[in-house]
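Below, in structure tokens: the form predicted on its own, a single chain.
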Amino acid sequence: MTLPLHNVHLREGGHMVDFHGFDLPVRFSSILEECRRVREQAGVFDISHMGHFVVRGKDALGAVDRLITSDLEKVPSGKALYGHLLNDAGGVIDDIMAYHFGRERVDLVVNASNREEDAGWIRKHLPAGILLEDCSPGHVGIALQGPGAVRVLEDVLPGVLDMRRRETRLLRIDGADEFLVGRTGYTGEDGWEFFGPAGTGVSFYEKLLSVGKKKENLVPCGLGARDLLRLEMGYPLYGQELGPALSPFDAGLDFAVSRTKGEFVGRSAILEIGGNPRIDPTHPVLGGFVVEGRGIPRTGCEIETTDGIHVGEVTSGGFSPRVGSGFGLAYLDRKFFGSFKAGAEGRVRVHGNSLPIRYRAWPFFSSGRPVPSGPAP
């Protein structure tokens, strides 16, 4: 499926790939160069494949709050909140961003691969009188990221510069269509995300490119850079670190689960172990690691002890000049993981070779500097 920015990407030299049925650029130049620009200057991403829902009705806020793990009721209007939709067993159906616009409107942004399933599941659980509108078809999603994002928007959309982190607004761009605007991101850098109708969205994207190239050496960025940037921060990806057989606690996302709010779908299952689900010995735990020497781990690579005992598998891996080596995230057997200490050694199998690794905390990179090794969460 082609998306509204498709022709712009071809003009800019995008290398297009199929991503969950959508034709999207994996890169424009090199993935590492695009990552560097985002960390040092600015980059812009097409995220039109992501789902954008609007939930409306009397007490839509309360209805959505009863579906997600985080406490939306405690967030003031005009703020965004990260959380999860859970199945009855406490596994993750999807991770989402919820945008609070008062008691009668909540916007949700969901993963592309889950959009239709999420819409059906949410509608099934909404009370009578609360409606979900899927705005995704014909809409554009744009993420402007990097320390230079502020200077790009000075000339393009100065009215959003006073927004704080995780603040969100509904505003008309170029005096035309209404857009959802949030000062959020998936790279660890400052930035904004925009969701709105394609007509205005395409011209807005082109304006960001034109102004950004002149002011901040901005580049268009693809899926490859987006994935590597989020991995440097240790941010989870649905289908790799998150899924229906895994709980948010397995992925170290305790902060996104409220133990004090009222009932939500999956609450009983996820909190049943004495209020401390992380002690469940049957579930793996997500750990970070870096490769000692050369070698790039990828999804599915086996993790072993130094004695060659299999203890887990890589969920996401790659190479980053900022980390200084190959690195990744892996789900590990909890009984082995519990004995690991800061800087503990292990092995990863890459193309049949057993490479030495050290376990460490994430983010792997922060504030322009590598993060010192520490105990993995």
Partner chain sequence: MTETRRYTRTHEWVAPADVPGEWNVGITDFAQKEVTDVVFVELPKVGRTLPRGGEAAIIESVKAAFSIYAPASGTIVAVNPDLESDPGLLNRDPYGKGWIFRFKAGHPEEINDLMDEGAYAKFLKDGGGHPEHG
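Positions refer to the first chain, counted from 1. Keep in mind the model is a prediction, meaning the values are calculated, not measured.
The discussion below concerns the form predicted together with the partner chain, not included here.
- Annotated contacts: L242, P248 and I303 are all free of the partner chain in the model of the complex [non-hydrogen atom within 4.5 angstroms].
- With the partner chain omitted here, the record of contacts in the model of the complex names 294 to 302 of 256 to 264, 201 to 209, 294 to 302, 151 to 159, defined by a heavy atom within 4.5 Å.
- For V17, a non-hydrogen atom is located within 4.5 Å of the partner chain in the model of the complex, even though that partner is not displayed.
- None of the heavy atoms of K335 is located within 4.5 Å of the partner chain in the model of the complex.
- Residue contact check for R27: one or more of its heavy atoms lie within 4.5 Å of the partner chain in the model of the complex.
- Remark: F53 does not count among the residues lining the partner chain in the model of the complex, judged by a heavy atom distance of 4.5 Å or less.
- Residue-level contacts in the model of the complex: of I47, V311, A63, L32, one residue has a heavy atom within 4.5 Å of the partner chain, and it is L32.
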